[in-house]
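Just one chain follows, in the form predicted alone, and it is written as structure tokens.
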Amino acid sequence: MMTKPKIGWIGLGHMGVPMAANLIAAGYPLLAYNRTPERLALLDCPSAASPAALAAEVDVVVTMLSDDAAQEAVLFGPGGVAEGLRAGQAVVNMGTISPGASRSTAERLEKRGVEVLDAPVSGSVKPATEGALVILVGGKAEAFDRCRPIFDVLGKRAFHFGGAGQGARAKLAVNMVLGLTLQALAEAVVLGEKSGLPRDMLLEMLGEAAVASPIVKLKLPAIAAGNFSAAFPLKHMAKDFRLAVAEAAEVGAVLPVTATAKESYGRAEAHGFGDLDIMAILQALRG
């Protein structure tokens, strides 16, 4: 990759905008598409009229979409990426979709001579902006090597876990730890509040104790301020727990705590907390 490939970027949500901006800053020619066109104004680059038109003009298509349905529609729906692809291109999905959907995408596109990677990321808006994400990759080693320079711009480390779907499985594993950690943090705060512990002292203690992981320290100021604006929307965590429980059933893994957390985040989403930050699980538990 002596000459930087032209990248087609699809998906300009909380994460997609800073990630695409980092590639532009690194000198990659970039063409963008977003289903809500007003988001395109957040990037200094040209845009395409459709996913198919975008795919026809680029070397690598990167999608940063929220779920299986969005990925399927953008890739294989009318005017989708698949209509504009040609042999020799690469398609990289960096959103969190199911391992099954990742494998299906690879099977369909690799038959056409297109390289496919599932490469979801660990990290929220701040590391996305700083180019410090952790990238979890599934797909052929040759495709991983081809796209590694792109990953080097977007993240501090890229892990190649094996074939198609393995990156998606790794993402479910890391997000389980994230969701369970914040569920535990929220429950600790609720117990402390109900027990009459001074909240400021409780939060300070949680930030100094052995349980003070980086994500706990990151969320404590938001809890103190009552600020639950979304860095990582709770609805995405609820979706990830559903995917994790389904994957556990498929591979025969017993995950009792994860199954309980799935119900907790699902209730929070159903009660209107889905568009707030994942830490709004605290507000849901407060009732």
Ligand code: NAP
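Start at 1 with the first residue shown and count on from there. If you're wondering where the values come from, they're calculated on a predicted model, not measured in any experiment.
The discussion below concerns the form predicted together with this ligand, not included here.
For the residues A224, L42, A231, A246, the 4.5 Å heavy atom test against this ligand in the predicted complex is passed only by A231. A heavy atom within 4.5 Å of this ligand in the predicted complex is found for exactly one of V58, A261, M64, A48: M64. Stretch-level contact analysis of 111-119, 189-197, 141-149, 67-75 against this ligand in the predicted complex, using heavy atoms and a 4.5 Å limit, identifies 67-75. For a residue to qualify, one of its non-hydrogen atoms must sit within 4.5 Å of this ligand in the predicted complex; none of N22, I135 and H160 qualifies. Not displayed here, this ligand is approached by S124 to within 4.5 Å at the level of heavy atoms in the predicted complex. Interface residue remark: R35 is counted as part of the site for this ligand in the predicted complex, having a heavy atom within 4.5 Å.
This ligand in the predicted complex is not approached by N93, whose heavy atoms all lie more than 4.5 angstroms from it. Proximity of L12 to this ligand in the predicted complex: non-hydrogen atoms within 4.5 Å are present.
Residues of 223-241 that come within 4.5 Å of this ligand in the predicted complex, judged by any heavy atom, are A231, F232, P233, K235, H236, K239, D240 in sequence order.
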